[in-house]
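First, one chain by itself in structure tokens, the form predicted alone.
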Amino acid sequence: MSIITFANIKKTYEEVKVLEDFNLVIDEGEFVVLLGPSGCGKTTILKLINGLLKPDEGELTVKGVSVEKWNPIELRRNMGYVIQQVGLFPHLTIEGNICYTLNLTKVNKDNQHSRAKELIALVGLDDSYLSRYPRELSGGQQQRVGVARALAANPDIILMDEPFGAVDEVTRRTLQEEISNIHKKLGKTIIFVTHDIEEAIKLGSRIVLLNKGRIDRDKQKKDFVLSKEKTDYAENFFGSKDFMAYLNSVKVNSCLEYDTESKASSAYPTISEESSVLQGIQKCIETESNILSVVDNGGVYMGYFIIDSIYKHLLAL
């Protein structure tokens, strides 16, 4: 069921075309990544959804209702918005920041506190953080609070505009894991903007590549990466980075082969089931072995990872 629909949308800034005849349908529960270089229209799309901008032409609907007919405040209360700069209120505690919208809508204090405790745990922090102020938190911790605040009013739609671009690489990977887990747990519709290819492939269930306000490529993740049909723009934008990122997003336990007769697992180097396919390939090269024994967290044999059968498994995912 569609939750957001762009139909023949046009948007210009001072006679510069940002979106031209733009059409996109986003279904409920999707994790859609808008990918592309600066100036391709990614942030404009989020601002149109949120009602911060109005289209010059065409129709944009949210939950089946034109944004022109939505009360702007009600529209935004149906959405969470996370940006790179976080934008926490420095004079409010972390709990006050998380519950800001709940306070505006007169939710009682006990329910606000319960919701804050629930959300701070969901983003991987303990409730001791609730009494702190933003200045006492690291950049990565502030981003987690920004995500918690976006979820506070239980919105159906989460908009994320390069939210992890300003943190270090280790923190960024952790935050990516958190938002991926949140999507799996809550099933919210997430529209995520990035220019980072690896981030797009890691997070998105569907990826939309933009080129000067138009959609160049719009596919589910596997088809986006493995399909042979690519424009010159897509080839130049990605090189081989999309394929490498895809291999790094798929676990070796998705590519298991079984040998029920011999179970000679000790004859081959081992690798954890949580390792990525790319890590499996790397270990095969390092150990000069075409076969690895895959083990679970307890070291129990699960099957084999075999170089020659990777492609077959990737196509079957």
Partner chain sequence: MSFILRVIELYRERWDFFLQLFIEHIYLTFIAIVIITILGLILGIIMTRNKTMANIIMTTVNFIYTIPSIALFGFFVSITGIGFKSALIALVIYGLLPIIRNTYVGITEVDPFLIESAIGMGTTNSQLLYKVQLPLALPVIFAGFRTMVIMTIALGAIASFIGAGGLGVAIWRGITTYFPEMTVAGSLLVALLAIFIDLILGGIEKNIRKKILGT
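Residue numbers count along the first chain shown, from 1. Worth saying up front: this structure is predicted, and the values here are computed from it rather than measured.
We do not show the form predicted together with the partner chain, though everything after this point is about it.
Q: Among the candidate stretches 100-108, 174-182, 213-221, 228-236, which one is within 4.5 Å of the partner chain in the predicted bound form when only heavy atoms are counted?
A: This holds for exactly one stretch, 100-108.
Q: How about L52 - does it come within 4.5 Å of the partner chain in the predicted bound form, if we only consider non-hydrogen atoms?
A: Flag for L52 set to yes.
Q: At 4.5 Å between heavy atoms, is H113 in contact with the partner chain in the predicted bound form?
A: Result no; H113 lies far from the partner chain in the predicted bound form.
Q: Heavy atoms within 4.5 Å of the partner chain in the predicted bound form: does Y129 have any?
A: Y129 lies outside the contact set for the partner chain.
Q: Quick one: does P90 come within 4.5 Å of the partner chain in the predicted bound form, counting heavy atoms only?
A: Heavy-atom contact with the partner chain at 4.5 Å: present for P90.
Q: Looking at K241, H195, K117, R77, which is the one with a non-hydrogen atom within 4.5 Å of the partner chain in the predicted bound form?
A: By the 4.5 Å heavy-atom cutoff, the listed residue in contact is R77.
Q: Can you work out which of L247, L125, I83, I158 has a heavy atom no more than 4.5 Å from the partner chain in the predicted bound form?
A: Checked against the cut-off, the match is I83.
Q: So, K47, Y133 and R149: all three within 4.5 Å of the partner chain in the predicted bound form by heavy atoms, or not?
A: Spot residues vs the partner chain: full contact, yes.
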